[in-house]
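This text opens with one protein chain seen in two forms, each one given by itself as structure tokens under the names structure 1 and structure 2.
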Structure 1
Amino acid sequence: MNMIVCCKQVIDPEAPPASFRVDAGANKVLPPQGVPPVISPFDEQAVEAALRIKDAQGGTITALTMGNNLLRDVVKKPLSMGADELVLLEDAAFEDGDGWSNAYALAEAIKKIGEYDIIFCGRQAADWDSGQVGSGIAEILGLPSVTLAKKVDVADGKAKVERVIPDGYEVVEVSLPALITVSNELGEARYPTIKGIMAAKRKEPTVWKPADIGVDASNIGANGRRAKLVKLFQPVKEGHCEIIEGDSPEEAAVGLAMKLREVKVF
């Protein structure tokens, strides 16, 4: 079973909201000072889904990451968890892409990697939350895809997927090769072991530039965007409090009920 897991280095989503800043002119989020990036938690769960299959029936896992100036201690986490290989698409040309240009670059890299049975992605990236790249990769590669998986079992050339829906889950069977996006309902990703961390430190990733995967820089990253970001801003939250008074608790309660009716809360 050959598996590829797409992982993204992101600003830590657990960073305090007050630490974030937006460059309104450039429409960019400025990385918080002193807060190191992490692998998107949804992508860690995608790694976990692949590892569970590997534990059950063997196989190889290749982690695929894209960006620029990637921190090796961060992007090597899938290796420390148990992945076998790490491929980095690392170049300034890969920066600031949208769902389409990112999916295109990753799909071309997957073609270069070669044989695979399952491609795993997180349900969405923890920074932009758009959830488009996984389905985009499947479309470009001409693969069937299943989104929002909470459990994946593989047998006889097929994957049986428990897929999250608003009122529960449904079971979908898909022929392999296929792409599956993994939801947080899968459960917590495993912690790296000391042995895994040491092995990851010794293992060097494979680094590819745009030319290595046969793409033109005009079709990837910011140059290949098909969506236009009109405005990026931090919302201003304001609250208003009004105290309802009365000579007795009953009178205050009546006043509160009348006020709620006035503002059409009920």
Structure 2
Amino acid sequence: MNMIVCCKQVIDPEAPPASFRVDAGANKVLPPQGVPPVISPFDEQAVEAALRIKDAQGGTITALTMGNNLLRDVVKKPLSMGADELVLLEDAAFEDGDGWSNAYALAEAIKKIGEYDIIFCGRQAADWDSGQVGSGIAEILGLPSVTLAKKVDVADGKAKVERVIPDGYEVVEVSLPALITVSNELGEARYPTIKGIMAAKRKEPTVWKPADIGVDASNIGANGRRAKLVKLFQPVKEGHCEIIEGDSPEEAAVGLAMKLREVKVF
């Protein structure tokens, strides 16, 4: 079983909301001071989905990350979790893409990687929340896709995917090769082991430039965008919370109930 997992390096979504800043002039988010980037959590869970299959029946996992000035300690995390290979698409030309140009470059890299049975992606990246790259790669490569997986089992050239729906899940069977996007219901991604971290340190990633995957710089990153970002802004919060005080938490609780009754909230 050959598996490829697309992993994006993003600003840590767990960084405190107060540290979040937008450069309105440049329509960009400023990286928070002192908070290192991470692999987008849904992508880590996509790695986890692949590792569970590898644990059960063997196989190889190639992590694929695109960006520029990628931090090796960050992008090697899938290796330290148990992935076998790491391919980086690293160049300034890959930056600031949209769903379209990102999926295009990743799909071309996947063609170059060659053999695969399953391509995994996170359901959406924790930065732009666009939720399109997985489906886009599948469309470009002509593959069937199943989105929002919480469990993936493989047997007889097919994958059985539990796909999250609002009140439960549906079990979808898909022929392989296929693209599967993973949702958080899959469960937490494993922590790297010390052995895994040591192995990842020694492993040199394969680095490809646009020419290596045969793409023209005009079709990737910011140049290849189809969606124009007109404006990026932080919504203004009104923020006038009436704090109900009391000599004890119990007394404050009683005061809260009385206040809410008075203003007819219940």
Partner chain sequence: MSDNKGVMIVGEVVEGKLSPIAAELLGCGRKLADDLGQELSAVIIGSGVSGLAEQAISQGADKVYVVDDALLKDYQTDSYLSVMDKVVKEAMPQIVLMGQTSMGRDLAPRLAFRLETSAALDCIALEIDPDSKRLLQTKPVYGGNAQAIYSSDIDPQIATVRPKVMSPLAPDSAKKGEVITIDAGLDASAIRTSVLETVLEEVVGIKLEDAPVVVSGGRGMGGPEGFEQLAELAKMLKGAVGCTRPVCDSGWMPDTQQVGLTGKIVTPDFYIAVALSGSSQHMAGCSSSKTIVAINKDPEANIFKEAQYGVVGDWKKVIPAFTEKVKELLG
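Sequence positions of structure 1, starting at 1, serve as the residue numbers. Just so it is clear, the model here is predicted, and its values are computed rather than measured. For clarity, a rigid core is taken as the largest C-alpha set superposing within 1.5 Å between two forms.
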Panel number for the form predicted together with the partner chain
2
Does Pro13 shift between structure 1 and structure 2 by 2 angstroms or more at the C-alpha, the core having been superposed?
no
Core superposed, what is the CA shift for Ala257 between structure 1 and structure 2, in angstrom?
12.3
